[in-house]
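Before any questions on how it binds or moves, here is one chain, the form predicted alone, in structure tokens.
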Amino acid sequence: MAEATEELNADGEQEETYFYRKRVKCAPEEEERLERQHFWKVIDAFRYYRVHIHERVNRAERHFQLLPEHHRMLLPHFLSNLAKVRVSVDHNHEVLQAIVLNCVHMFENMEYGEEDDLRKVRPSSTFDMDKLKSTIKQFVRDWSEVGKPERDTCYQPLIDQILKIFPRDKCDPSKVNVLVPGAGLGRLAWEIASLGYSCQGNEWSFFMLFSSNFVLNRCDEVNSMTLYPWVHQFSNNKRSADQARPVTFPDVNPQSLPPNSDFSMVAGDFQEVYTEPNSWDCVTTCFFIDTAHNVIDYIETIWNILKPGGVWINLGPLLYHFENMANELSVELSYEDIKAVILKYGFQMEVERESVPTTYTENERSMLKYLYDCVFFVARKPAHLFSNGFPAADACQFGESQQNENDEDMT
């Protein structure tokens, strides 16, 4: 979840030049140039991490030294705790450098230039550093034992519905195509693939793509890596040691999927990558739909790419990412409005729960916690619809009893 501050023009009004895919479309050469520029901007953030966080630690030390001596004498462990924070930051930095090592060769269809070890580390914006710190916490959520309670709350309801709608004893799960947009570090998509379904994760953020590539393709031993995800938190610590608390990952071997598993991660904008109608049996979204400039675009895309009879399973809040960003179009709809649009497109709601409390990258020992009251639903594209001449989904055939069972789940 990204936070941003609103910027105003000289007249005190928000700028009206929106970076919105349907309003501003650059030439292909310009698009490539901007993407390359963004790529190296994210690489710079990974490289600048140690300098940025050490500056924050240095500020804490300077402020401590400004205290009266008799106050400093009351805190004999303060500086030694800061020293532990510095060591933790250095360790995080080494992991981050391993993550971006050889990233220029990650993508098959895009060249970003050659890696330059002597390239000067350039300062990054506070926004990009916040994104990087958030990415570090994603390792906890997706790939650590510490994150399991959160995954059980967020991911398990989605997985349970997939197992119920596409039961493995009644169909061949390898023929059920599941798409996970906004896949982050890939754990949800990985879990779905581990059950035998054909699953593809999609992610746009380079922060997430670099990190998911690292954990999925370069980590093959359980708990072989360590991060200090809370080292940036200087407030709301009950104990000094909590700030430099280590978390190991991955809690499973990401490369332990069965040999015949069909699992992949695709980089790119969800709406631009997925345009083929009637191609997916299931679209599963978790903390995703509020990343849209216009959530109706997402609804329209999901409707288009689902096969008739296919299902959209969603869980998440509505913390709109672009709400307070200057020069970004953002339409903030209530869930009531979103549901109305979903139904007007033709979806049929089969399961709906308007209150699913969950956390997001929570620090369990922090004195400040955020609780999201999420909405959860299963919406089906009716099987009798034929779009562009394509037949209805046939990965699993269900009788009337299955539909009745789904109807009983409606709340």
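The first residue of the shown sequence is 1; numbering continues from there. Values in this document were obtained by computation on a predicted structure and should not be read as measured data.
The form predicted in complex with a small molecule is left out here; the points below concern that form.
Undergrad: Is F287 a contact residue for the small molecule in the model of the complex, using a 4.5 Å heavy atom cut-off?
TA: So F287 counts as contacting the small molecule.
Undergrad: Could you confirm whether K133 comes within 4.5 Å of the small molecule in the model of the complex, counting heavy atoms only?
TA: No, K133 is distant from the partner.
Undergrad: Check whether Y360 has any heavy atom within 4.5 Å of a heavy atom of the small molecule in the model of the complex, and answer yes or no.
TA: Judged by the heavy-atom cut-off of 4.5 Å, Y360 is in contact with the small molecule in the model of the complex.
Undergrad: Answer with yes or no whether Y155 is in contact with the small molecule in the model of the complex, where contact means some heavy atom within 4.5 Å.
TA: Flag for Y155 set to yes.
Undergrad: Tell me, please, which stretch of 73-81, 326-334, 87-95, 287-295 lies within 4.5 angstroms of the small molecule in the model of the complex when heavy atoms are compared?
TA: Heavy atoms within 4.5 Å of the small molecule in the model of the complex occur in 287-295.
Undergrad: Among R141, G182 and N202, does every residue place a heavy atom within 4.5 Å of the small molecule in the model of the complex?
TA: Checked in the model of the complex: all three residues contact the small molecule.
Undergrad: Quick check on this chain: which one of R245, H321, K175, R168 has a heavy atom within 4.5 Å of the small molecule in the model of the complex?
TA: Answer to the contact question: H321.
Undergrad: Consider the chain as shown here, without its partner, and state which of E276, E221, D160, D269 has a heavy atom within 4.5 Å of the small molecule in the model of the complex.
TA: Residue within 4.5 Å of the partner: D269.
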